[in-house]
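A single chain comes next, written as structure tokens; it is the form predicted on its own.
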């Protein structure tokens, strides 16, 4: 792995600032500024997938605890059928992730994302074959697994998905289709799986991956706010700078992502600079 210190400082600074600013507002540039020279591949795909996985951990934890968990205490509803016209609710955390994945899939960045388990609510999300074997190791160690999926010709990374909030535990234990009803906080409920076709990426490619994820977060959160706007029978939360912990409020997309950025961008920036 080549050190970032060998690249022009201006190029590195522009790319990092581009990531931080775009992560805050959810935009994805058609081109990221460089010094005009062809870039070298400086990050392994494992490093990049680990970066975006950490971004995802922060975003999902914030959404699960601060939006779903605190929102339910204010009377807000979250449902797996939240997109149906007769259901006035927001997406559950797993469906929030699915919305991010759908947005990424529609974009130009060839990044794959999905959530699997050995006890999924939807049987289509059950791990099979090599992923099932590796997931047993993940449950034991909570360490990620990286491998090349020859059947799909994709570099793959699996990261433990923990029951980090009581809202997740309660929802899964009480779901009528659950295959396991004794989940506890801290359990490894599944694994978030990321895939990418190349074995290494340039700075620009890395920024594009990170921003594709950020855009996906914005897209699904805005879809939730659009759903709220269409509510007819439920009280609509006030959208602004406040959070559900303060009452019947929801943050704007900018406020939500600004909180994500404050938590995650320092670690991501260190990885971009250090190549770790």
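Here the structure is a predicted model, which is why all the values come from computation and not from measurement. Numbering follows the first chain given and starts at 1.
Just so it is clear, the following notes concern the form predicted together with ligand HEC, a form of the same protein that is not shown.
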Is there a non-hydrogen atom of residue 190 within 4.5 angstroms of a non-hydrogen atom of ligand HEC in the predicted complex? yes
Taking any heavy atom pair closer than or equal to 4.5 Å as contact, tell me whether residue 74 reaches ligand HEC in the predicted complex. no
State yes or no: in the predicted complex, is some non-hydrogen atom of residue 94 no more than 4.5 angstroms from a non-hydrogen atom of ligand HEC? yes
May I ask you to check whether residue 87 falls inside a 4.5 Å heavy atom distance of ligand HEC in the predicted complex? no
Using heavy atoms and a 4.5 Å cut-off, decide whether 64, 98 and 162 all contact ligand HEC in the predicted complex. yes
Ligand HEC isn't shown here, but in the predicted complex which of 117, 195, 200, 103 has a heavy atom within 4.5 Å of it? 117
Of 134, 121, 111, 154, which one comes within 4.5 Å of ligand HEC in the predicted complex, counting heavy atoms only? 121
Proximity to ligand HEC in the predicted complex (heavy atom, within 4.5 Å), stretch among 202-210, 103-111, 140-148, 167-175: 167-175
